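Okay, so here's just one chain, in structure tokens, the form predicted on its own.
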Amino acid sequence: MASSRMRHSHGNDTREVILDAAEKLFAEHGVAAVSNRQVSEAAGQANNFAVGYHFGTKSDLVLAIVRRHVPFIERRREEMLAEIKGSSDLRDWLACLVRPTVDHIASLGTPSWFARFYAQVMTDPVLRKLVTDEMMATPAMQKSIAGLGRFMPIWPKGVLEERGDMCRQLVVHMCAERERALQAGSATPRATWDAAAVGLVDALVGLWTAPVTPTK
């Protein structure tokens, strides 16, 4: 019995080490450029098949990394939803989409790799759908989207989808650039992650309230 618990604990430790290594490598080099063998080696695993043994496919590994972060983001979003309590301010609902992720990245300290990992994943159409579906499916995110929906203009479906893509790209890649700059010790447009979140919400308010020019 004790031996079984020790093996289970060791297995969990190994998984965490692999997840750490994979997140960093994917963030720095991209998912497609990194093999499971490279992840195993970076995690200090003598067995080159350690990643497959513990996680399965590379897509499974990517999802495991995401699922390690989602609970923290979800809790923050639940707190914010409780704070705004059905607010009629568009900014509050956009903040519910932006701040939980930004706050989580800030809590990771420097260096961190989650923002850059997320940005790399977004460049792969298959992984983008996989991860987006995972992150959009949480109860707090669904409540945030429903609340935001009350403010959406009556636009064609294609325009709404385009603006949604713009929002996602803006948040993901601005966070990734800030994370990269902080690790390099470079100057950033905003002094803190909190200020960066304010800037992102400002930009999204402008994006969602900007007029749509009719096209032929």
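Each residue number is its position in the shown sequence, starting from 1. Small disclaimer: the values here were computed from a predicted structure and weren't measured.
The same protein also has a form predicted together with a further copy of the same chain, omitted here; what follows describes it.
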Can you tell me if Gly185 lies within 4.5 angstroms of a further copy of the same chain in the predicted complex, counting non-hydrogen atoms only?
no
Considering non-hydrogen atoms and a 4.5 Å limit, does a further copy of the same chain approach Asn48 in the predicted complex?
no
Might Leu19 be said to contact a further copy of the same chain in the predicted complex, defining contact as any heavy atom within 4.5 Å?
no
Classify Ser35 as contacting or not contacting a further copy of the same chain in the predicted complex by the rule of any non-hydrogen atom within 4.5 angstroms, answering yes or no.
no
Just one of 143-151, 168-176, 57-65, 40-48 has heavy atoms within 4.5 Å of a further copy of the same chain in the predicted complex; which?
168-176
Decide if the three candidate residues Ser88, Leu94 and Gly109 all line a further copy of the same chain in the predicted complex, where lining means a heavy atom within 4.5 Å.
no
Pick out the residues of 180-216 whose heavy atoms come within 4.5 Å of a further copy of the same chain in the predicted complex.
Arg180, Pro189, Arg190, Ala195, Ala196, Val198, Gly199, Leu200, Asp202, Ala203, Gly206, Leu207, Ala210, Pro211, Val212, Thr213, Thr215
